[in-house]
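Next up, structure tokens for two forms of one chain, structure 1 and then structure 2.
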Structure 1
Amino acid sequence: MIRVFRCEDTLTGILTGVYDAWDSRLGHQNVRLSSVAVEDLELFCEYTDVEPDVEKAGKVFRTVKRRMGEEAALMIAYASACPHDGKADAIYRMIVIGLHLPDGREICHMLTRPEVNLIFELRKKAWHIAHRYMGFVRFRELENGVLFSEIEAEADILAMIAPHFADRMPGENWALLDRNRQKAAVHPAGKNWFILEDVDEAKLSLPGLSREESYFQELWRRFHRAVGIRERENKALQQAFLPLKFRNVMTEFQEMSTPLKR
């Protein structure tokens, strides 16, 4: 009989699952972790739901950091942001292997193990998505001077890109809304940023655009058009680097919405 621990699809949820699964003392081969919301039930399995618990998750994360190093902790944190059915179990297995190694820090290089390889891949993927959004986010200035932007990210990368923007613009009020997750990162000028959960975009009443905003958007569109060389045109290459899924939040691919005024 295999015991399946069903945990929430967040870093806290998964690490709590790791804690509970290990704590159940059923033996590593008899437990499995799953972070899939709706799963086909299997025969010969018992299911236990795991309540996310910050304290338990914190214990696991600190142990990982101490015994397996910063690098491994980062790998796990990033990988948990990616959508993947097998990630929770892979994180569990990776921690099991890591804590049994004489030097846990070597785990990051054990790419011959499929679990570690998966986490490595997911970490890379999450970072790529985050890195792309660092470039592709387009803020617009609202009447009250707040910079606002939406993203539609595949992975939960809000917490990875927020520090970048917080460092870049410490004196600005800005907010980033993840449409796919109803979460927002908010940064009040001169203060620390934080994450708001359960933000309903439909109920959000945003002020209108600032006076200069549409002018700058048009400047940017014109610049974007002017900088391409006609003799070298290569839309396929452009799309390889900048897939269509990113474009519906990017200014230069939207038509002018309001009449131009300065």
Structure 2
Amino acid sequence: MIRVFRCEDTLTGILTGVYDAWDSRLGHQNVRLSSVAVEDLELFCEYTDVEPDVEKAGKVFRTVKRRMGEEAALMIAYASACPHDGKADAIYRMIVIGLHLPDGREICHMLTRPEVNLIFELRKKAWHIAHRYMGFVRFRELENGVLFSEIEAEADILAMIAPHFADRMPGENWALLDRNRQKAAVHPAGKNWFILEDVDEAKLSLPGLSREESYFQELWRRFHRAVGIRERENKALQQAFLPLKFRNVMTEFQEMSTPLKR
């Protein structure tokens, strides 16, 4: 009988599942982790729901860093951000293998193991998505002076890109909302950033744009259109560098409004 530990699809949830699966003492071959909602239950499987526990997850993560190194911990953290049905169990198997090696740091180079290879590929995918959003995010200034932006990322990358913007705008109040996950990275001016969970976008009452912001948004849109050469337009090449999925939250691809006024 296989015991399936169903955990939340977050780093905290998955690492809590790792802790509970290991602590069950059922034998690694008799347990499995799943971070997806299971509608059709499998035969010969028992299911245990795992509640996210920061303390348990922290113990696992510290053990991974101490025994397997920073690189392995980073691989696991990044991989957990990417959607994939098998990632939770792959993370568990990778940790099990790594903790049984004489030198746990060698786990990062064992790419012939399917579990490790999957985590490696998911890490690359997450970083690629995060790297693109670092360039595509467009903040706008609200009437209260706060810089605000939204993304619709396919991976949970807020914690990856927030340090990038905190480093470049340390003296600004800014917030970055992930519409797909209803969570936001918030940065008070001169302080550390943090993640705010369960943000209901429908209930957000955001101030309007500042007068300067409206003017410069329109100026940027007009510049973006003016530098283009219609006769040399290449939609396929443009989409290769800037896919359509990013454009609905980018200022330059929004419709121009009224004539410029300042």
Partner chain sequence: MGYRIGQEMDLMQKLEILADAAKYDVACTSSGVDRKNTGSGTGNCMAAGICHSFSSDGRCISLLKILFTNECIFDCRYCINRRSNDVPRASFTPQEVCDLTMGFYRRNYIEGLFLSSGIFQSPDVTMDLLYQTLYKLRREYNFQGYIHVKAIPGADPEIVERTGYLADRMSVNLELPTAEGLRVLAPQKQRSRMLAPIRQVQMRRQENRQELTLYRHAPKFVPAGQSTQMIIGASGESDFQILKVAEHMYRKYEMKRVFYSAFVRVNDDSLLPALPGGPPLLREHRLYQADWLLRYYGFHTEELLSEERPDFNVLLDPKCDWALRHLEYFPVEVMKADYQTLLRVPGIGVRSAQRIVKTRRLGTLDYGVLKKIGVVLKRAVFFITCGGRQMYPVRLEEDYILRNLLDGKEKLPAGTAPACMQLSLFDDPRFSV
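We call the rigid core whatever largest set of C-alpha positions still superposes within 1.5 Å between the two forms. Small disclaimer: the values here were computed from a predicted structure and weren't measured. Start at 1 and count along the sequence of structure 1; that gives the residue numbers used here.
Shown first, as structure 1, is the form predicted together with the partner chain. After superposition on the rigid core, the Cα of residue 233 moves by 2 Å or more between the two structures.
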